[in-house]
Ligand SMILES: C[S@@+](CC[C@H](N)C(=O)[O-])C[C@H]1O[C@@H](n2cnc3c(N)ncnc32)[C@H](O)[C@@H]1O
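Next up: a single chain in structure tokens, the form predicted alone.
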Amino acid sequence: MTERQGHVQGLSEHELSEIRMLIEERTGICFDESRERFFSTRVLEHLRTKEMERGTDLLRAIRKSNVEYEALLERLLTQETSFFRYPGVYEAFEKRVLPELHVKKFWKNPRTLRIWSAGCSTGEEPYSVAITIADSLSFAESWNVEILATDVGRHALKHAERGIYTGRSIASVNEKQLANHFTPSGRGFQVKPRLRKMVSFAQMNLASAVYVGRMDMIFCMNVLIYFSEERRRALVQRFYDTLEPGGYLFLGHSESISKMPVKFQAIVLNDCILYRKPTAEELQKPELVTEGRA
């Protein structure tokens, strides 16, 4: 235990604060008081993994090397995730959003569907979106489906591009989906090329305003919680501007934008809230619908 205690003593409050400030400065990600314990524990784990003695060594390393900085950031941000993590969201996506977009876009040429998974981690979310489209959109093969999946973590994106998953991660994938969309690979299952072609992975820091084109849907689940209130507002406004009129934003269960000045229409479906960007005609109406039924 003495070695472990030495490591704890080697990480001062001031050093933790410096690391926290450096991360916020570079990425806009803010580890506030509510995640104080989580933050210090993860930084400490990282210090041990790197076999460094003191917080000053880590600070020096992340200031000097982008690789070291990204490695620490990934340890702090990569959460354990899984396919179809929020069933209510995918149900709303399948039963409400896809049929609506099908009607709206079926006669367009080319017939394109563009979706952004912002903060895709190890890839389960964008692939879950792709499976839902492949299984439930009428004439799915006649659509040009483009899913942009972005994350700040390089290591997580490599995992996502390989598309190999095991254990709890794929526990919610049913047998039919497993047979249709995966091939056995070692101890796990690999996403089939047909599905992988629908998804493009790219490293992106959401705090930097990178142009991604117009989107029909944006999934940003449990990502806003990492940003300060000011950054959150800016990001939600950016999502609003990026969406096509009639497009949808999906957020995590604990995230709300009700107090923000954006003009999203909040639609309640069972245990899920969808945020829809009104069309120009709808914005002329005095009242926006706030309730919906499945």
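Not measured: the values here are computed from a predicted model. Basically, rigid core = biggest C-alpha set you can superpose within 1.5 Å across the two forms. Numbers follow the displayed sequence, beginning with 1.
The same protein has a further form, the form predicted together with the named molecule, not shown here; the description that follows concerns it.
Checklist line | Option touching the named molecule, based on a heavy atom within 4.5 Å in the predicted complex, out of 80, 100, 94, 135 | finding: Only one option qualifies, and that one is 80.
Notebook entry, point to check: Which residue among 170, 131, 207, 164 has a heavy atom within 4.5 angstroms of the named molecule in the predicted complex?
Noted result: Contact with the named molecule in the predicted complex is made by 207 alone.
Check: Thinking of the named molecule in the predicted complex, which stretch from 100 to 108, 177 to 185, 209 to 217, 120 to 128 has heavy atoms inside 4.5 Å of it?
Finding: It is 120 to 128 that comes within 4.5 Å of the partner.
Item checked: residue 248: touches the named molecule in the predicted complex, heavy atom cutoff 4.5 angstroms -> Close contact is absent here: in the predicted complex, residue 248 is far from the named molecule, nothing within 4.5 Å, heavy atoms only.
Note to self: Even though the partner isn't displayed, in the predicted complex is residue 222 close enough to the named molecule, meaning a heavy atom within 4.5 Å?
What the structure shows: Because a heavy atom of residue 222 falls inside 4.5 Å of the named molecule in the predicted complex, the answer is yes.
Checklist line | in the predicted complex, residue 27 touching the named molecule (heavy atom, 4.5 Å) | finding: Residue 27: yes, in contact with the named molecule in the predicted complex.
Note to self: Is residue 89 near the named molecule? Define near as a heavy atom within 4.5 Å, in the predicted complex.
What the structure shows: It does not: once the named molecule is placed as it appears in the predicted complex, residue 89 has no heavy atom within 4.5 Å of it.
Notebook entry, point to check: Is any part of 238 to 254 within 4.5 angstroms of the named molecule in the predicted complex by a non-hydrogen atom, and which residues would that be?
Noted result: If the 4.5 Å heavy-atom criterion is applied to the named molecule in the predicted complex, 238 to 254 yields nothing.
Notebook entry, point to check: Honestly, after the rigid core fit, is residue 94 moving at least 2 Å at Cα between this form and the one not shown?
Noted result: No, residue 94 moves less than 2 Å.
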